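Below you will find one chain, with nothing else, as structure tokens; this is the form predicted alone, and questions on how it binds or moves follow later.
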């Protein structure tokens, strides 16, 4: 990590530390939701943006993580144990879900993950003895660390922020590691990647497993954040919402999931002053962005930067032409 990147990261963390100060509990809750969905979107960005594997099941992994954490904490165990169990369970299940990706690709794979999302939803709704069925689970306690209670909304925000920073660092390490380069090679051309010695089978499975584990961590955060979960919170519409975060932010960019989650979670709050029109305005802004910048906000930012970088070169060429 370069000094410039480290400095930028420290400034960003400082802004996030200061963001909730003086805000209401609702605003802090929105910020917690943004960080939580950013973690889930990081996982989908790894699977879709870097490895090129289409998945419509990210919300189901959040649900699995949330229910596992809830069952563990309601049984009287600490949240850390529940969080680790959620990450482990989603990693293993994601590994199994990755096997169809070895045989089907693109929209066919999307249908497979769509079916998985539906199966998880039906299991959560019908297994009432374990999941509470349509009534869900309620009363999940917020964790306590060496006397530091996270029941106050501000305290819980800083716990979520710490987990977000850890997740972002792990995500950065993965995409800059040999695994990250293998993921990109798989996305660009799987046949060429295999001819260069990349084990595409193992990389495909890892892409699903690691991406699912990020969603499991988001689910472990969601359980104590809302303290009530039910199957409807993890239906297909929520998987599509996470997909929108990745696409709007910029698939295949490190900061893409964070920007996309901000657009999906925070931007509607700023548009509420328009009352009944805010959803129409929000949808119109997203459509315009996708039309003019299919690579999302990060791609749009790169276009603007490239324009400023080209100006000196254009001026030099004009000066040389004038001299001739």
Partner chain sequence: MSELLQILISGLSAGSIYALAAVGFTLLWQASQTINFAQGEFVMLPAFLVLALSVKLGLPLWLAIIFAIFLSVLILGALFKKLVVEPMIQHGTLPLVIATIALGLLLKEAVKEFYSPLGQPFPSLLPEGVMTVFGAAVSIPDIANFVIAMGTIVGLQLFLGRTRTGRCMQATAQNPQVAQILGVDIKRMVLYTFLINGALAAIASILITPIYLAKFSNGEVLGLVAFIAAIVGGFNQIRGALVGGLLIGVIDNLSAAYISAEYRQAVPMVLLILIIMVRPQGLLGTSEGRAV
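Numbering follows the first chain given and starts at 1. Please read all numbers here as calculations on a predicted model, not as lab measurements.
One more form of this protein should be noted, the form predicted together with its partner chain, which is absent from this view; the next part is about it.
- Interface membership of residue 160, defined by any non-hydrogen atom within 4.5 Å of its partner chain in the model of the complex, is ruled out.
- The closest non-hydrogen atom of residue 259 lies beyond 4.5 Å of its partner chain in the model of the complex.
- The shortest heavy atom separation between residue 154 and its partner chain in the model of the complex exceeds 4.5 Å.
- Residue contact check for residue 141: none of its heavy atoms lie within 4.5 Å of its partner chain in the model of the complex.
- Put simply, of 119, 166, 80, 196 only one has a heavy atom within 4.5 Å of its partner chain in the model of the complex, and it is 119.
- Checking 206, 243, 72, 213 against its partner chain in the model of the complex, a heavy atom within 4.5 Å turns up for just one residue: 243.
- The candidate stretches are 84-92, 198-206, 100-108, 179-187, and the one lying within 4.5 Å of its partner chain in the model of the complex by heavy atoms is 100-108.
- For the three marked residues, 10, 31 and 301, no heavy atom of any sits within 4.5 Å of its partner chain in the model of the complex.
- Residue 48 is the only one in 36-50 with at least one heavy atom within 4.5 Å of its partner chain in the model of the complex.
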